[in-house]
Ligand code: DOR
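Form predicted on its own, single chain, as structure tokens, below.
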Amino acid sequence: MIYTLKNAKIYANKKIEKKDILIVDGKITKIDLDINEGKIIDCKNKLIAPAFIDPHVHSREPGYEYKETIATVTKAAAKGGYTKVFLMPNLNPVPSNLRDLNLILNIIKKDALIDCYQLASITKNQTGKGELSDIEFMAPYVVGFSDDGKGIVDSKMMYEAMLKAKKYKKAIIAHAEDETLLYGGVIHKGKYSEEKNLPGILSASETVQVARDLVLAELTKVHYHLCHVSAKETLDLVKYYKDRDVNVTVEATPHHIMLNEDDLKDNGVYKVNPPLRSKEDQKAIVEAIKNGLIDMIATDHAPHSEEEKSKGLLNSSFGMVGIEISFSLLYTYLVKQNKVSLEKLLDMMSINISKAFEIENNEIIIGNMANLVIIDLDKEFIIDKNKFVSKGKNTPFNGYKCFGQIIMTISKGEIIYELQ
């Protein structure tokens, strides 16, 4: 198949300029002005960027298909402009051995619309303690190891996991949480928790474990990736260790960037782990994006049933969805408010992730597979959770006004999503 994407502005080589893109048999073969080969797709007044990569997604299959499946989550990702996602191991069975990992990989091969990079667990059955997973046997088939949803309790276990991950050139992808400091918390321990007499989660529960992990990461020289950073004190630690050339990367989520405890209501859609923290924490996260301390955007897309999210802050499940709306939210509330450049946002949603994890990139260069997202930056729309492709509707952003509509997503030259 041969076609030309015409009249767009493209983001390539760190700059945005008007060019056409010729795609032949799935690959980018020419980038120039006035190309007129094959089928013509007019992209006037649109931006073409490298398709997005999400390093933190919950597929829920196998084990929890009523929340989400590989098929539905990859369709939702395509609608959001993504052609690659990392899938977390909170599944049943947990991929802590090669047999159970292969079960998941076979579902991905059968049902996935886009490229899926499955993670395996650090500990057997993702308990955060006990026994390490079969890291050496699973390493060739995964991008990294994570016990996302649980912190690794035992320091010796984390140290030994890092040694193995380093040996096999894989990342430790950490949900940093000292469970001894949780106190049954359901939201951030701060103003709102005190006013409503709700059990709070200390910021220190994150920061204490990150401190330990960064000491061990420096010792083992592993690639240590910090999931969903939420606390300003954590960022201070990250800066210290990045300045020491420790191989640490950090992700932030749209909800931690855009919301804080002042936005809380007694509604389960606001309950997430780590929780929405103080306004000062939120400001520190935005500042860390500006100065490059935070490397990438991850949605932590975590679908739940309506029933599971209908029990208020105290009893609802933790988690939010967001893979279909992440770019539009951040373009509207960061870029258009002059907090972050468009180029930086695009890098944080694609190029930075492929570099950090050494996976195939989506850059717009001749010879690459055409993994592209076409965006109408001027198109205004209202987020409507009832139009989500994901089974999960649990978002606090329902009704938000946004710009930056995803018009088309192209994976390996194939159009896998087009706005109707």
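Throughout, we count residues from 1 along the sequence that is shown. Bear in mind that the values here come from a model prediction, so they are computed numbers and not experimental data.
Heads up, the form predicted together with the ligand isn't pictured, but that's what we're talking about next.
Asker: Considering the ligand in the model of the complex, which of Y159, F318, Y333, Y141 comes within 4.5 Å of it through any heavy atom?
Answerer: Partner contact (heavy atom, 4.5 Å) among the options: F318.
Asker: Which listed residue (L345, V272, A171, L237) meets the criterion of a heavy atom within 4.5 Å of the ligand in the model of the complex?
Answerer: Checking each option against the ligand in the model of the complex, the one that comes within 4.5 Å is V272.
Asker: Taking heavy atoms and a 4.5 Å cut-off, does D148 contact the ligand in the model of the complex?
Answerer: Contact with the ligand, yes.
Asker: Residue-level contact is defined here as any heavy atom of the residue lying within 4.5 Å of the ligand in the model of the complex; does H304 satisfy this criterion?
Answerer: Residue-level check for H304: yes, a contact with the ligand.
Asker: Are any of the heavy atoms in E324 no more than 4.5 Å from a heavy atom of the ligand in the model of the complex?
Answerer: Close contact is absent here: in the model of the complex, E324 is far from the ligand, nothing within 4.5 Å, heavy atoms only.
Asker: So in the model of the complex, does any heavy atom of S278 sit within 4.5 Å of the ligand?
Answerer: Answer no; every heavy atom of S278 is more than 4.5 Å from the ligand in the model of the complex.
Asker: Of these, 363-371, 349-357, 58-66, 24-32, which stretch puts a heavy atom within 4.5 angstroms of the ligand in the model of the complex?
Answerer: Every other range fails; the passing one is 58-66.
Asker: The ligand is absent from this chain, but in the model of the complex, do K75, D115 and S390 each have a non-hydrogen atom within 4.5 Å of it?
Answerer: Verified in the model of the complex; spot residues all out of contact, no.
Asker: For a quick check, can you give me the residues of 70-99 that have a heavy atom within 4.5 Å of the ligand in the model of the complex?
Answerer: The stretch touches the partner through N90 alone.
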